[in-house]
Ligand code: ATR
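Consider the single chain below, provided in structure tokens and representing the form predicted alone.
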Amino acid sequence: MIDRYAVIGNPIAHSKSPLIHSMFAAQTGQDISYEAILAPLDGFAATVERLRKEGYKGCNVTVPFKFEAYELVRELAERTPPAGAPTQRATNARAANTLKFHENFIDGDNTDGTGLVRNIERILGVSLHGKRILLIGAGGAAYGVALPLLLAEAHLFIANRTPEKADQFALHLGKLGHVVNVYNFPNEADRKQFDLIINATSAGLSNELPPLPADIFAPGALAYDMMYGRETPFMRFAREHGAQVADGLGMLVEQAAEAFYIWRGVRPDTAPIIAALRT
């Protein structure tokens, strides 16, 4: 019997996750199906419950439901013994992007940070140790990757259009034992340059550019946009100002491979998958 999985989001039509997981299944000999499901903005929990009742084995979660997915798993664990629970990765991020369904409970995990770090260090060949990193955004994607970047011994700064959210983000990371600086853009009195700038916002979906100064990129800097499939305004701006540029396709594949491992106990070889998708 084929085991069924899905990715839930809104929007979701652009998702490459079904293709990626079908390639994983072919590579590893796993008998699964995987589809993209659009959930109403006010209907995430109902969608998850429907999938579980229909016999799905798990799902991935994308924008804008990662915080809600974590809260759902946490609340179920508190009120339904015996119950699953968020992993430490999900708890640290306060966001979940991978759910594993059991008969009476749900486990939640977050593979975003693992996927990003593996892509940057193993595939792109860029060491994060000691690097000055600016992480733009304070949503589920940013929360998911911040701690793994810190554990890679990078110096992390965070920025957000809403300064209060950046302050809350920094406070959350501080409670986990990490000192993180908030970068207010652009502050003429505090002109910093960064070795790596990561855009964890969805600004690219609406062709918007974060308000970055032109001299923010250090020599040899890498500009990484978690969006994929086209050149975003952020990527174009970075390229025009001398930075190397990468999109989020590699991260997408790497985090998907980690989810696949959680579900199936088999870890796909990601390099040929990334190469195939690029062509």
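Quick note: we count residues from 1 along the sequence shown, nothing fancier. Just so it is clear, the model here is predicted, and its values are computed rather than measured.
In what follows, reference is made to the form predicted together with the ligand, a form of this protein that is not presented.
Asks: Can you tell me which of 207-215, 231-239, 51-59, 25-33 lies within 4.5 Å of the ligand in the model of the complex, counting heavy atoms only?
Replies: It is the stretch 207-215.
Asks: Quick check on this chain: which one of A141, L156, I120, I197 has a heavy atom within 4.5 Å of the ligand in the model of the complex?
Replies: Residue within 4.5 Å of the partner: A141.
Asks: Identify, from the list H102, K192, R132, R161, the residue with a heavy atom within 4.5 Å of the ligand in the model of the complex.
Replies: Of H102, K192, R132, R161, the residue with a heavy atom within 4.5 Å of the ligand in the model of the complex is R161.
Asks: Let me test this: is every residue among R89, G108 and V145 within 4.5 Å of the ligand in the model of the complex, going by heavy atom positions?
Replies: The answer is no: none of the three residues contacts the partner (heavy atom, 4.5 Å cut-off).
Asks: Should S202 be classed as touching the ligand in the model of the complex when contacts are defined as heavy atoms within 4.5 Å?
Replies: Taking the distances in the model of the complex, the answer for S202 is yes, it comes within 4.5 Å of the ligand.
Asks: Classify G137 as contacting or not contacting the ligand in the model of the complex by the rule of any non-hydrogen atom within 4.5 angstroms, answering yes or no.
Replies: Judged by the heavy-atom cut-off of 4.5 Å, G137 is in contact with the ligand in the model of the complex.
Asks: Look up in the model of the complex whether H178 has a non-hydrogen atom within 4.5 angstroms of the ligand, and give yes or no.
Replies: Close contact is absent here: in the model of the complex, H178 is far from the ligand, nothing within 4.5 Å, heavy atoms only.
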